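Quick setup: one chain, the form predicted alone, written in structure tokens, and binding and motion questions come after.
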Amino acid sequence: MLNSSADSHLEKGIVTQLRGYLAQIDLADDGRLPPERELSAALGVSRTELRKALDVLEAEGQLWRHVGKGTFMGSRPLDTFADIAALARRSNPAEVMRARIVMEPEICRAAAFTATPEDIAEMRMCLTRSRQAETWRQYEAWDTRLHRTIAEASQNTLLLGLFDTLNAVRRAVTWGRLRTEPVKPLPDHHSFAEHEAIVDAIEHRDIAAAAAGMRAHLQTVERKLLDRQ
């Protein structure tokens, strides 16, 4: 028991020592830690002791490891198809729509502040092509492109990355029976007018209207999705 207690005290001391060391060194821009041999030499501990301390910090979410690349400070990024597939398996269409309603109005708000004339022209082209779509698949392709163009217009790399992650999960989630009738959106399809209102608000720098328009649009999509379910 004494040896076990002493070992535990030693491990805690090494973890504390490692925390202090990592807090005061300059890491690479990507947060990569120095190689284990350098860390163990700097701390004066064995590689085995160091790995146990790294295990503790990893379990706390303070760092993550990538085999073949190294150990990095921070949370593991969501950047693989396996991660997307795992999220999709645990999610469902209603959950995806709730996430979109939280995120996309704020992206739209940012786009209304930063969109360029080129962004607006791209959005207008998407509106025209979606109205000309001959099938639901074509319409949904232009719908997706419009929403991503809005995300690009936010000029915020992080927001765009979050949008792409959510959109990848949306594509991977099973949405139930595909629409077969009619073969394409009708001329009075709700999204046409809603999309027009969103783009108008972005073009006129009406931040509040842009966010409200996107929220109302997605809430309509959510309501119709639940009706189909």
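Whichever C-alpha set is largest while still superposing within 1.5 Å between the two forms counts as the rigid core. What you see is a predicted model; the values in this text were computed from it and never measured. Numbering starts at 1 and follows the sequence shown.
The same protein also has a form predicted together with the DNA, omitted here; what follows describes it.
S.K.: Only one of D200, E36, E194, D164 gets a heavy atom within 4.5 Å of the DNA in the predicted complex. Which one?
M.R.: Among D200, E36, E194, D164, a heavy atom within 4.5 Å of the DNA in the predicted complex occurs only for E36.
S.K.: Taking 4.5 angstroms as the cut-off for heavy atoms, does R65 touch the DNA in the predicted complex?
M.R.: Result yes; R65 sits at the interface with the DNA in the predicted complex.
S.K.: Please tell me whether any heavy atom belonging to G31 falls inside 4.5 Å of a heavy atom of the DNA, as the geometry stands in the predicted complex.
M.R.: Result no; G31 lies far from the DNA in the predicted complex.
S.K.: Using a 4.5 angstroms cut-off on non-hydrogen atoms, would T71 count as touching the DNA in the predicted complex?
M.R.: Result yes; T71 sits at the interface with the DNA in the predicted complex.
S.K.: Tell me, yes or no, whether K52 is in contact with the DNA in the predicted complex, where a contact means a heavy atom of each within 4.5 Å.
M.R.: Result yes; K52 sits at the interface with the DNA in the predicted complex.
S.K.: So that I can tell if L166 moves, could you say whether its C-alpha shifts by at least 2 Å between the shown form and the other one after the core superposition?
M.R.: Result for L166: no, shift under 2 Å.
S.K.: Classify A201 as shifted (yes) or not shifted (no) between the shown form and the other one, where shifted means its C-alpha moves by 2 Å or more with the rigid core superposed.
M.R.: No, shifts by less than 2 Å.
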